[in-house]
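The chain below stands alone and is given in structure tokens; this is the form predicted alone.
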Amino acid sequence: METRDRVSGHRAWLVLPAFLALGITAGHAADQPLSGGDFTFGYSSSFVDTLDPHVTSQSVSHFIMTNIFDPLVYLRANGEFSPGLADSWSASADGLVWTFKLKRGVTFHDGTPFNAESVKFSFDRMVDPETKSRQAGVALRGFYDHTEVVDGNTVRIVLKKPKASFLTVISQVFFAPVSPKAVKEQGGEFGRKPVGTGPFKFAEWVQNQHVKLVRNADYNWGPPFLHKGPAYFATLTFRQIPDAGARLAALESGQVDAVDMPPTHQLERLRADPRFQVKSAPQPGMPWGWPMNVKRAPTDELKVRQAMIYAFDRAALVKNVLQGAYKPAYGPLTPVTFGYNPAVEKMYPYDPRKAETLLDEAGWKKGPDGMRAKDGKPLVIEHYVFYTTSEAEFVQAELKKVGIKSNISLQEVGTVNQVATEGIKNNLAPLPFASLDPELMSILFHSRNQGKGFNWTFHTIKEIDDLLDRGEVELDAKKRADVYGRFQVLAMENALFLPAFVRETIHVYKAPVQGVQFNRRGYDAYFHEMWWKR
């Protein structure tokens, strides 16, 4: 008995390490990324205009293009810059000359070598008026002078004046190098068959249905904070499913493997469901809200615009419509954006009485039905929306309480963009805009960007233009933050923006999906890093 126990005990010591070893080995293997498998993402956008990074400004296009193209540098989620297609970079003391040492051995998907000539071609193309860029060209307009090819793997980008956000700006895929050969051969069709250097190659685009990509087997030049080598997924498909309920149903039925922007009333249930994982990231840039068109009545009157902001209970919108998924917004920048000024949070407390007083002072008197009119004209707001009407309907109800009627027109996003850019038919149109830098405010509020860009307010306030001009060139971080702080107060004093809520990016993935990471924009995920856990 004693011997048997001792033997048993000995065997136990012999066997236990083996089981432990097996356990460690099994666990280690389970945690190792696996290559292969298809992945389908159900995306909320109803519209992709083009996959040409130098033309589009759409976030959904950026989301897809992040997989097709590489920028010269990456801006990590922790705020540090990392090599992209450039191994290293430096700037002259005056901030006018940026020198980039490029990676060697990189090729575009069509076999064209990536080199200094392709960088020059790409930057010259961005600013060419013929390209009609909605983002890259606009951001560089007035700053970019030329690019010099120093040698095959060295370029100098020369600016006309310093641009404080230059490195941050070009870290976005909107500024990524493209294949010169493919652009020249395809012409205007390049955006339908994009060719970059990224971890996935373009494969198929079925209009209003999906975009499909396939793994770039040659890819070994990814940024150092991601794994070296090709992506794990064999294919990547982006399905357009604008309806939130249908999108979630597609996930739960297994038609797709992940979705963005699930219905907020389902978030608590999804977080508790072991079949899924909910991932979120804050978005720098502009919160969800509505630029107010000052060239079209009645929002051409300051007191009407101010009354609309006082009449809108943003906290109630977040609580009752969005189920607390987001936070109220108070100005044109989100709190995670450089230069955010918390002073805007006290400028327009919810005060319907104040709103009524302002409307009375402006001559908009209430009639027997409780609605307001002046000189025989009713007080009516034309509100264009895309995706959903729920937020607009809440605003509609709030404005009605103080005597303002609003008409809601639900359109696809391209139509809303066109209407708001012209500014003839609308008073309000939503314009959430993720961006890494407050310089975004120049695109959205500088008067030079009316009628062709994204200044949907159509204001002509010189002090705002001057502040935005200073913010673009000020290299001292504190002074720059002060400039954008003053801009935010001035924009709200003039009631150019009706802020609603600070939106986060929310994705829901199937539980076996591993390696989910968002980038600094808080909008794009690195699919190169994801894999299926078996």
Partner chain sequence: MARYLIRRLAGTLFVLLGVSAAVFTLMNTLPGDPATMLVSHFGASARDIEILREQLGLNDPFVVRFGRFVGGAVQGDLGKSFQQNRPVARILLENTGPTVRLALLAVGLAIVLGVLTGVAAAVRRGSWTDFLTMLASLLGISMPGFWLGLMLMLLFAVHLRWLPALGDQTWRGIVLPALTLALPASATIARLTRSSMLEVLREDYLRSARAKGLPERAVIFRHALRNALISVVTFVGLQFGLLLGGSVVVESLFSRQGLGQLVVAAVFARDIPIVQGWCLLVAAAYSLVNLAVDLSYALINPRIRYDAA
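Residue numbers count along the first chain shown, from 1. We call the rigid core whatever largest set of C-alpha positions still superposes within 1.5 Å between the two forms. Predicted model, so just to flag it, every value in this text is computed and none were measured.
Another form exists, predicted together with its partner chain; not displayed. Remarks below refer to it.
Colleague: In the predicted bound form, does each of Ser92, Gln277 and Asn519 have a heavy atom within 4.5 Å of its partner chain?
Modeller: The answer is no; none of Ser92, Gln277 and Asn519 reaches its partner chain.
Colleague: So which stretch, 494-502, 50-58, 481-489, 64-72, is the one near its partner chain in the predicted bound form (non-hydrogen atoms, 4.5 Å)?
Modeller: Every other range fails; the passing one is 50-58.
Colleague: Can you pick the one in Phe166, Phe454, Phe100, Tyr232 that has a heavy atom within 4.5 Å of its partner chain in the predicted bound form?
Modeller: Here the answer is residue option Phe454.
Colleague: Using a 4.5 Å heavy atom cut-off, which residue among Pro352, Pro282, Pro242, Pro113 comes into contact with its partner chain in the predicted bound form?
Modeller: The option sitting close enough to the partner is Pro242.
Colleague: Does any part of His109 reach within 4.5 Å of its partner chain in the predicted bound form? Heavy atoms only, please.
Modeller: Because no heavy atom of His109 falls inside 4.5 Å of its partner chain in the predicted bound form, the answer is no.
Colleague: Look up in the predicted bound form whether Ala343 has a non-hydrogen atom within 4.5 angstroms of its partner chain, and give yes or no.
Modeller: Ala343: no, not in contact with its partner chain in the predicted bound form.
Colleague: Taking its partner chain as it sits in the predicted bound form, is Gly152 in contact with it (heavy atom to heavy atom, 4.5 Å or less)?
Modeller: Answer no; every heavy atom of Gly152 is more than 4.5 Å from its partner chain in the predicted bound form.
Colleague: Using the partner position in the predicted bound form, report whether Gln135 sits within 4.5 Å of its partner chain, counting heavy atoms only.
Modeller: Gln135: yes, in contact with its partner chain in the predicted bound form.
Colleague: Taking heavy atoms and a 4.5 Å limit, what residues of 408-436 are near its partner chain in the predicted bound form?
Modeller: Glu412, Val413, Gly414, Thr415, Asn417, Gln418, Phe433 sit within 4.5 Å of the partner.
Colleague: Once the core is superposed between this form and the one not shown, does Met286 show a C-alpha displacement of at least 2 Å?
Modeller: Yes; Met286 is a residue whose C-alpha shifts (by 2 Å or more) between this form and the one not shown when the cores are overlaid.
Colleague: Kindly check if the Cα atom of Val127 is displaced 2 angstroms or more between this form and the one not shown relative to the superposed rigid core.
Modeller: No, shifts by less than 2 Å.
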